[in-house]
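Okay, so here's just one chain, in structure tokens, the form predicted on its own.
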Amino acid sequence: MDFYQAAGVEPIGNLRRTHLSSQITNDLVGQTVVLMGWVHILRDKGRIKFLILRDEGGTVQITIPKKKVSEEVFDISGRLKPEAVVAVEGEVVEAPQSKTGVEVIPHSIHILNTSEPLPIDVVEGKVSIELDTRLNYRILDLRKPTVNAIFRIQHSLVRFSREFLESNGFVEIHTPKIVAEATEGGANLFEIQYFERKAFLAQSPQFYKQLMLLAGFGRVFEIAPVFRAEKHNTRRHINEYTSFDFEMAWIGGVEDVMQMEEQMLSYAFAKTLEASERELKLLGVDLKVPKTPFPRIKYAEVIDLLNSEGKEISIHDDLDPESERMLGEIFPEKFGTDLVFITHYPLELRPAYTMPSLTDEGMTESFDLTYKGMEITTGGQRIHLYDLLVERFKAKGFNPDHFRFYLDPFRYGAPPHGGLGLGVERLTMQLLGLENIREAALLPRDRDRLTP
């Protein structure tokens, strides 16, 4: 017990929390509750003190009038500091002046831990803090209710997307993140030493999720980190992000994949609107559930649209951020929605495993889903014919012998299939209107940041 006394705090003992702050409602008036959390705000008015207690459910007001509480409770309340960890046992009473209509009058306050002065403030709107500074103290930054709310909403989006896929026969898989060869090609690979040889951090689960269809799983999905060694340092890029991937066999064409995604997102948005109502309100976000089907527009038409608006871009060019920003203004006006599929990308802009278009020469059976002017998903139909797959790998400058683990199973009867990869942080960023993708990453990793 000496170490508790030395710290000036109490052991938790037989105390057990009975409620979260969000559960303190008029239904509990007259009842005794035990709350635990952080000292968010303490207002000392002399003979009465107001403690705003914060926990994972939100905040609740603890009112401490000198004439209604014990001398010990009033004395302890005067010694509380911001972010001290406390347990409060008290009675729920009506309080028309409070936001919730109720407050708690404490019978006892127990200090469970103390806090040093904070390097950043966690009270909303008190001080404006640069994003880099916030990220340096990310754990404290996440205590701020509006920041914490971002990841509760993100949880709902992922949870309900998973729920939708599971209800449609998808199996969750977990593929290697240490790989022997690049998935997407190019030089944006993190090389690592793997015992006596070199290996890479996976850019995507692409090869493995396809192979699981050849293994007989039918429909698979994975939610996991992927790694891109891209040196740019922009508001929309990070070097480790969470990719929500799915792959489905026995498709009639790329349209089947797009239909699955739009139905999944419409379901996830609707369920998130219900499950994360408090967090959306806290962030001032009016979430609109998108109607299906989402509009489709071919890449060639997109290029024509951009050029007609003064952008000089060729069909052989990939869309740059300015192009996406322009489309973010054009699409809502043209289609009446922020979610639009761009289809039939040129062969040179898509990976080797992408099925060439059956209708548009030089194009592919592929798509991107854009949301408020940003690409959040890339997907398409995959090549399931062995000879064509080898031909396309050679056309991209790859040596097929380096990809035998992937290519050889296609010699033994691969079903027609397709799938996609959705960036969880980008989806969160666009849905909530965040300025920087790092705000939608719990502990972001970019070119300059490896901690916390």
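All of these numbers come straight from a predicted model, not from anything done at the bench. We number the residues from 1 along the sequence you see.
The same protein has a further form, the form predicted together with aspartyl-adenosine-5'-monophosphate, not shown here; the description that follows concerns it.
Just one listed stretch, out of 377-385, 289-297, 112-120, 337-345, contacts aspartyl-adenosine-5'-monophosphate in the model of the complex at the 4.5 Å heavy atom level, and that stretch is 377-385. When aspartyl-adenosine-5'-monophosphate is considered in the model of the complex, residue 204 lines it closely, a heavy atom lying within 4.5 Å. Of the heavy atoms in residue 372, none are within 4.5 Å of aspartyl-adenosine-5'-monophosphate in the model of the complex. In the model of the complex, residue 420 approaches aspartyl-adenosine-5'-monophosphate with a heavy atom inside 4.5 Å. At a distance threshold of 4.5 angstroms between non-hydrogen atoms, residue 271 is out of contact with aspartyl-adenosine-5'-monophosphate in the model of the complex.
Looking at aspartyl-adenosine-5'-monophosphate in the model of the complex, residues 237, 245 and 353 each place a heavy atom within 4.5 Å of it. Among the residues 230, 322, 318, 75, the one placing a heavy atom within 4.5 Å of aspartyl-adenosine-5'-monophosphate in the model of the complex is 230. Proximity to aspartyl-adenosine-5'-monophosphate in the model of the complex, taken as a non-hydrogen atom within 4.5 angstroms, holds for one residue of 241, 170, 267, 208, which is 241. Shown without its partner, the chain has 426, 437 in segment 425-452 as residues with a non-hydrogen atom within 4.5 angstroms of aspartyl-adenosine-5'-monophosphate in the model of the complex.
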